[in-house]
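Same chain, two versions here, written out as structure tokens and called structure 1 and structure 2.
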Structure 1
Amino acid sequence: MSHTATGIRQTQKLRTRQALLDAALVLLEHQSLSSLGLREVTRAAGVTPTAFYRHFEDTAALGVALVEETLGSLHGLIGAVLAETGDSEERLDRSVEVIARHVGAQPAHFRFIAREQHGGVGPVREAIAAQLRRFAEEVACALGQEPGSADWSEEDLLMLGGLYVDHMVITTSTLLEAGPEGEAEVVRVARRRLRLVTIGRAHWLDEG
């Protein structure tokens, strides 16, 4: 088989996979993943049920892929912000802007995450939890490199990272509820809450 033919087949395979993910996301606007049928997805995507199994073992595996598609790219974006030089508060402020842009661009993806974080499909719950733990570890690592964190324990840094990630999750849910017209106010409040956390962080090691 020629390289050209192989390339065409690979492109078609990727298109089919993406069509299944896109179709599932549309259907999941109106139902939970646990109630989603494989044939519903393939019918909406315009492919056969057999084609589904070339890409996913079951709908749970498709859900895990949606988690990766939604949250995977955020690691690089948030990481780039945290790696910037300058005041940590300013960097965290910019991370709020990144999240707001991402939620605004992919609201259906983030509604899926918000619903399924505590939904009935175990592998998807675990995939979301793993992504959030990874975010917490990345934030903790970035904060640990700052001079003000010299005396912080690894446990406390991870707890702080988790606190920032919890804030990110709450902000995401609030952005979804507020819609585009309420985004500016949600971002303003989110930044103020981050500043409150930053003030507490500055005094965490104070005696008494």
Structure 2
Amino acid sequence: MSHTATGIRQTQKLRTRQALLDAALVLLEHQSLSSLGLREVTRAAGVTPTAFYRHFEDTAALGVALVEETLGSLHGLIGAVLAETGDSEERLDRSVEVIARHVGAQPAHFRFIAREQHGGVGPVREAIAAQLRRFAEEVACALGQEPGSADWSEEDLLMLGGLYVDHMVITTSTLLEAGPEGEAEVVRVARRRLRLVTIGRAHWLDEG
């Protein structure tokens, strides 16, 4: 009764569950979740419509699962990076690097996040918001341990963390819409924006 017990049955169940998630992600590259049909997904996954209900109650529930698949794993990675090297804002740069690699490796996942962050399906919106709030808290915590923002209030740290996270999301979706040829330009502008925020951060307490 170990929780990693790999019964043939449960393994196969997880396999088709993943097939449903993957098929949905492909379909969601050119439409949004609220217009995604249950039958459409099962057809692409090679399963009967009825089988869908063995795994998800709704297409909304499938969307929430996709959110966790995308941001849950990234969350773990960011946490590892933030705890890795003990000093300075080098950790933030490493975090950005990790995110960028993740986005590059799984574009469809992050297009989905950008699209559904303000999309028409309530539960999915809330799931994304919750995950992004967690990211903002993590970044805020990391910022608080830096010497440059030692005397910041917790609220301001959270504000700054949210600013970084929101900027990251915007950059991600902009990158995806720009395509490969416009990527360099987008990255340049995004870096400038980040620099401006960092400068503002350095002088925050001067003129608070």
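Here the rigid core means the biggest group of C-alpha atoms that line up within 1.5 Å when the two forms are laid on top of each other. This one's a predicted model, so the numbers in the text were calculated from it and none came from an experiment. The first residue in the sequence of structure 1 is number 1, and each one after it adds one.
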- Please match the form predicted together with a further copy of the same chain to structure 1 or structure 2. 2
- Item | Residue shift check between the two structures, rigid core fit, residue 187 Cα at least 2 Å | yes
- Message: Once both forms sit on the same rigid core, is the C-alpha displacement of residue 196 at or above 2 Å between the two structures?
- Response: yes
- Task: Would you look up how far the C-alpha of residue 147 moves between the two structures when the rigid core is overlaid, in angstrom?
- Result: 3.2
